[in-house]
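For reference, the chain that follows is the form predicted alone, supplied as structure tokens.
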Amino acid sequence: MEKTWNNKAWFMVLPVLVLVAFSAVIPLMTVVNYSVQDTFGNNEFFWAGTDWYVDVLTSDRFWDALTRNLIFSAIILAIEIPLGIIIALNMPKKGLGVPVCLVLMALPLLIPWNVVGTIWQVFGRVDIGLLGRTLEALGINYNYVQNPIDAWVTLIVMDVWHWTSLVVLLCYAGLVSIPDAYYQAAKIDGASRWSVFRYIQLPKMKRVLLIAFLLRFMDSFMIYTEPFVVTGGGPGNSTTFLSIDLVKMAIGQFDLGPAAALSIIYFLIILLLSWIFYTVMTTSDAQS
């Protein structure tokens, strides 16, 4: 019997394809077009080839901003992933405390990014902010506007406060999905709490930890709104990440060619690092 193909299903996904084309493909191709051309206005373009890419990759400005991004993401992952696991392990699994803890954990995630930046901008001010005034009263010289270290600490604490909840919720979902039979067997064997975590809970959380790791890396590496609102990239260029530098280049200086080339390079870096993290973590998961 000859098998017949029904191609009418393609008409059902056609609206999705059109939406993706307008929201992703066309803007991306526009950026690619700008990255290989130069313009002096009046909608006149001149072929530049790979000149903008060479200029970006050979500039100290790009490498300094990239280094700040990598350091910031590494610090964020080193803090939020272990902290999220610890909090999830200590959350109640039954009773009224479960919905209460879940709601409290979800609250920071409901706050928009620009609002988070504004909250911490006011919170850390020495003249009116609760944090700034408290540290000043304790004799601690704190000023995130003038001191680069204070600015970095403020951004890190702000990001940990805002996004650790995501790691907690993902880890908690992995923990509650573990059958009770595993814990009963461990109890019969007299396993310690560390052994239960090492051989039962951690292996069962590997999938959700992979998701948490990738989400937090991509988001921390692309961070823009919070540091822009709090520090504006300062003091100096100490908190000028690639995203802030890209906006300054495209909107502040109106260098569309270099900005387009930087955005393509930025996108490829995120794609490459995410693929490396995913490949390494899934390979280790398959071998264990």
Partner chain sequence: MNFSWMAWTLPTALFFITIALLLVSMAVWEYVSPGGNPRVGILRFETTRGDRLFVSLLGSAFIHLAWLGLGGPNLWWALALSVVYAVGVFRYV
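Source: prediction; values computed, not measured. Numbering follows the first chain given and starts at 1.
What comes next is about the form predicted together with its partner chain, which is not displayed.
Asks: Please tell me whether any heavy atom belonging to Trp275 falls inside 4.5 Å of a heavy atom of its partner chain, as the geometry stands in the model of the complex.
Replies: Contact with its partner chain, yes.
Asks: Is the gap between Val36 and its partner chain in the model of the complex 4.5 Å or less for some heavy atom pair?
Replies: Answer yes; at least one heavy atom of Val36 falls within 4.5 Å of its partner chain in the model of the complex.
Asks: Is the gap between Phe254 and its partner chain in the model of the complex 4.5 Å or less for some heavy atom pair?
Replies: Contact check for Phe254: no, nothing within 4.5 Å of its partner chain in the model of the complex.
Asks: Tell me, yes or no, whether Phe228 is in contact with its partner chain in the model of the complex, where a contact means a heavy atom of each within 4.5 Å.
Replies: No, no contact at 4.5 Å.
Asks: Heavy atoms within 4.5 Å of its partner chain in the model of the complex: which stretch in 27 to 35, 234 to 242, 219 to 227, 65 to 73 meets that?
Replies: Going by heavy atoms within 4.5 Å, the stretch is 27 to 35.
Asks: Residue by residue through 244 to 259, tell me which have a non-hydrogen atom within 4.5 angstroms of its partner chain in the model of the complex.
Replies: Nothing in the stretch sits within 4.5 Å of the partner.
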